[in-house]
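Single chain ahead, written as structure tokens, the form predicted alone.
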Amino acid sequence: MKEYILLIDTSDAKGLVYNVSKVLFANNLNIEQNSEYVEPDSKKFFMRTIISGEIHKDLLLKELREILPKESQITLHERLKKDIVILATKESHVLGDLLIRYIDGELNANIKAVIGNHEYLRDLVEKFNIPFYCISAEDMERETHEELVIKQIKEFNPDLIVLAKYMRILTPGFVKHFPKKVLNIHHSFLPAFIGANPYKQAHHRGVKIIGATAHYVTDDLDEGPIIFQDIVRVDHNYTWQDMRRAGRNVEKVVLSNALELLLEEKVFVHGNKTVIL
């Protein structure tokens, strides 16, 4: 039996869960899983429900709109694997981890292609029988390069775009093409340790925590809504190389966890933060 994911983002009101459940019951649908949350400051209501049964989508959405506040955002999708495109540069640790999870069946997605701005990762990607496209940025204006990348991405019409240590700053023009579709990962030293060799800088400062942050890409560099974070503790015994190794391990875990949340449609964007259900 088919499963669907119902997402509701609306103003809080009395009886919302009851009214939604009543509509689902009237349509002979079964609730397999349900989560809801009310944001206390804005009084916004968020609900994620997995339902099963034979759905008449237009009718169900119409009935839900009739019992929910007018400004409600309602989405309903069949629970299927999503298509993703990965962008990468030279670092292989995050990309390699995603490829292994994909081949092992741990990634609930179809990787349609990997696009790089160097040839460096072609051999790795093609070992997994995934198409690799190199679009070099050398001797090319940023906007011209982005136009080529955008054109290549759109050939696959992906649900999500994953930046696996893609070392190019994306312009607002790029983000505009793929709103709430681009996932990025960075080490959590930003902005304290920017530029080259952040782990050397962190080592010199004697940091005690190394972390990573996965977030949506927006027009504001590395300031998009945060989806997942994690840390590992370090001490004076760590060399900067040890710190880099620990940081790369955290980056792999954080990106894969964030991607899983997006693939399962568990992420609501609320202002510049997220609600995870």
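Computed from a prediction, not measured in an experiment: that's the story for all the values here. Residue indices: 1-based, along the sequence shown.
The protein also exists as the form predicted in complex with another copy of the chain; that form is not presented, and the subsequent description refers to it.
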Problem - Contact residue in the predicted bound form, chosen from Leu124, Ala137, Met167, Leu76 - any heavy atom within 4.5 Å of another copy of the chain - result: Leu124
Fill in the blank from the handout: Students should find that, of His93, His177, Lys82, Arg142, the residue having a non-hydrogen atom no more than 4.5 angstroms from another copy of the chain in the predicted bound form is His93
Completion exercise
Within 4.5 Å of another copy of the chain in the predicted bound form by heavy atoms, the stretch out of 177-185, 203-211, 109-117, 149-157 is 203-211
Exercise for the section: Please check if Leu29 has a heavy atom lying within 4.5 Å of any heavy atom of another copy of the chain in the predicted bound form. Expected result: yes
Exercise for the section: May I ask you to check whether Ser21 falls inside a 4.5 Å heavy atom distance of another copy of the chain in the predicted bound form? Expected result: yes
Problem - Heavy atom of Asp104 within 4.5 Å of another copy of the chain in the predicted bound form - result: yes
Exercise for the section: Would you check, heavy atoms only and a 4.5 Å threshold, whether Leu7 touches another copy of the chain in the predicted bound form? Expected result: no
Practice task
Taking another copy of the chain as it sits in the predicted bound form, which residues of 258-277 have a non-hydrogen atom within 4.5 Å of it? Please list them.
Solution key: Glu260, Asn272, Lys273, Thr274, Val275, Ile276, Leu277
